[in-house]
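This document opens with one chain alone, in structure tokens, the form predicted on its own.
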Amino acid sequence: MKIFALFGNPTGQSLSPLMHTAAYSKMGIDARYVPFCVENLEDAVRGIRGLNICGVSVTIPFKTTVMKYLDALDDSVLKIGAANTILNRDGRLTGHNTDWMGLTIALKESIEIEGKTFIILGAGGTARSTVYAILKEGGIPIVLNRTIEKGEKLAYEFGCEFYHIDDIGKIKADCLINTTPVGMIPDTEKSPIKNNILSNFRFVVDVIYNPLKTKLLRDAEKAGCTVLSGLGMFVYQGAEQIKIWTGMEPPREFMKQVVFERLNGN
């Protein structure tokens, strides 16, 4: 039996275990996917080898700090500066990033990225993956963040513009992407921005998938925007992890249905 894991803190809200377990069963793979609420990251990474865990998903708050404990990093991790995936091959741990891949696949289902301008709310690991994805597809990212130092650093590293989040009303863009956790369960009545500027954007995207429709997206719909939840991004980044770990193509639509039904209480 193969063992896969989720490293984060907290992990109780994640639907990764549900999604991955369902996918392995559908694929006929004898595997278990176990969430670990990590207190000591260095010890946890050491345990990957000791327990022969085949692969690990890495979530908040470890996507950046995990890098220093790994044996190798793929090109996307080096450029993004964050890893959400660990592959254990004969005790050698390699960091990958599938966040940007999941985001790209999901966005391209609804939005033409090339030549379009995207406001990115946030400056954490997911924001870094988002900026990387937009640039790679020929889009123009603009970083907005409340903490100036962190936002400026991200924008400088990727060669894009930065503004304080209070200046959002002065910026024109085709699409707004929220990469912050504002609006995630249990704080579902919070939004990262005021609703009176949402009509400035044609598209509004939230990387949060739980709830499926955050306050930001509800407000954006009322403002006439086309909205995109984080469900597709979440499923596709997980599917890319499974490909890295198993070399097999996972059942993406089945995975999406499993998560969708759970989020709808079915």
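Residue numbers here begin at 1 and follow the sequence given. Small disclaimer: the values here were computed from a predicted structure and weren't measured.
Omitted here: the form predicted in complex with a small molecule. The next part is about that form.
Contact annotation for residue 181: at least one heavy atom lies within 4.5 Å of the small molecule in the predicted complex. Among residues of the shown chain, residue 110 is not one whose heavy atoms approach the small molecule to within 4.5 Å in the predicted complex. Remark: residue 145 counts among the residues lining the small molecule in the predicted complex, judged by a heavy atom distance of 4.5 Å or less. Among heavy atoms of residue 153, none comes within 4.5 Å of the small molecule in the predicted complex. Contact here is defined as any heavy atom lying within 4.5 Å of the small molecule in the predicted complex, and by that definition each of 207, 233 and 237 is a contact residue. Here the chain stands alone, but in the predicted complex its contact with the small molecule, taken as any heavy atom within 4.5 Å, falls in 125 to 133 among 67 to 75, 125 to 133, 85 to 93, 110 to 118. Residue 60 is the only one of 41, 212, 60, 197 with a heavy atom lying within 4.5 Å of the small molecule in the predicted complex.
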